[in-house]
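There is one chain below, alone, in C-alpha cells, taken in the form predicted alone.
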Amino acid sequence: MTRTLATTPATDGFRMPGEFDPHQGTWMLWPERPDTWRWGAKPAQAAYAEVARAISEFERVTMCVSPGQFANARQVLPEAVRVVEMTSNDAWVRDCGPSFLINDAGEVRGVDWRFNAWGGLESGLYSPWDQDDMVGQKILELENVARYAAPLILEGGSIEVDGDGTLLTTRECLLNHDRNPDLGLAEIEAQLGEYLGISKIIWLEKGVYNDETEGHIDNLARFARPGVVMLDWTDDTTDPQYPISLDAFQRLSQATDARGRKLEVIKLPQPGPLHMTQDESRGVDVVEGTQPREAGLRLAASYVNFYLCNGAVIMPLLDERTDAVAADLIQRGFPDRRVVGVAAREILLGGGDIHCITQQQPLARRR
C-alpha cells in the first residue's frame, strides 16, 4: 500500500520536472465511452493504439483498461505495451491521473489532485466522475509511489512547468468558479507552489477558442525547454482564436521566468479551423448531462497538444495543409528529438488530443 503523506512536496523538497526530462514511462487510459467516442469508441481505440505504439518505441507504456475491455485492448495494442485493469469514467489520464514529482536525492512521489470532470454538476462534461477521481491514487498504488492528496480540484492539462520553478496556466481555467470557488488567486498560487515546488506563475488569460476544458494551457502554450515556449497561433485577424493568441504572445513576450530569463516564443500554426462533420456527430450516443457532439462544432485543434517522450515528440496530425509546417517548427524547437506524427482527428473529436491522453512518469536521477 502506498503512503499518503501529511506534508507537502515543497516542504519535502519535491518539484514537478519538465516533460522534456527523462521518463520512466507513460500512462494512458483506454477509451470506450459511447457518448464521448463515436461508433462505440472503435475509431478512437485505433487512434489510442497508434499513439501507444509510437511512444512504446521510446519508453514503457502502460494502458489502463476496464475489465470488459481488457481482452480487446490486449489484442489491439502492441506486445510492448503493458495492459492493466483499472476502472475509470473516461480516458483522459492527463487530467485525472497524478502529477509525478522528483527531488534531488533520486526519489519519485506523486500529487493526487481532486477531479470533477471539468466543472462538476454545473458545467462538467459528464457525471459521475467518481472512478476518474480515483485514477491518480490507483496509479500511485501500482507504482508504490508515495502520495500527496492535494486539496485542489485541478486537471493536469491546466498546468505546464519548466522544471526550473516556472508554471504556465490560464485564468480562464484555474480561476473558474466551477473548480475551486472558495479560493482566490493568491490562495491558488500558494497551493500550486506547495504541491508543485514552483516559485513563479505566468498567468495567461484564455485557452484555445471553444476548448471544452475551459482553457487548458496544454492546448495553447507549452515549454520546449526552460526559456522557450511554443504557442498556438493564427495570422487570421478575423478568427476568434487571433485575439486569444495575440494576448498570450504579448504576455509571454513581456514575462520572465523563475530564473529571470526572457522567454523565446515559437508560433505553431493553428490547423483548420476544423469542424465536426454530420457523419462524425451521428456516431456519438446522446446521453443527458454529457457534452453534446453536434455537426458543425468547432474543434479546439492545436499542434501544441504534442507529447514528449524519451528522445521523441509525438505530434498530432490534424490538417494536411499545415501538418508539415508544424512538424518542421516542432523539429526546430526539439533539434535532438525525433518528431513522430500520429493521425489524431479521432482523439480531437472526443475533446482533446495526444497530450490529453498521456501522463509521464519521470525517471528520478541525481543532479
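Numbers for residues come from their place in the sequence shown, where the first is 1. Computed from a predicted structure; not experimentally measured.
The form predicted in complex with another copy of the chain is left out here; the points below concern that form.
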| item | value |
| --- | --- |
| Contact of V84 with another copy of the chain in the predicted bound form (heavy atom, 4.5 Å) | yes |
| 4.5 Å heavy atom contact, A190 and another copy of the chain in the predicted bound form | no |
| R60: touches another copy of the chain in the predicted bound form, heavy atom cutoff 4.5 angstroms | yes |
| 4.5 Å heavy atom contact, T7 to another copy of the chain in the predicted bound form | no |
| Joint contact, P243, D319 and T322 to another copy of the chain in the predicted bound form, by non-hydrogen atom at 4.5 Å | no |
| Partner-facing stretch of 179 to 187, 98 to 106, 254 to 262, 84 to 92, counted where any non-hydrogen atom is within 4.5 angstroms of another copy of the chain in the predicted bound form | 84 to 92 |
| Residue among M276, L175, M134, A149 with a heavy atom within 4.5 Å of another copy of the chain in the predicted bound form | M134 |
| Heavy atom within 4.5 Å of another copy of the chain in the predicted bound form - residue from E79, D236, E205, E294 | E79 |
| Residues in 121 to 149 with any heavy atom within 4.5 Å of another copy of the chain in the predicted bound form | Q131, M134, Q137, K138, E141, L142, N144 |
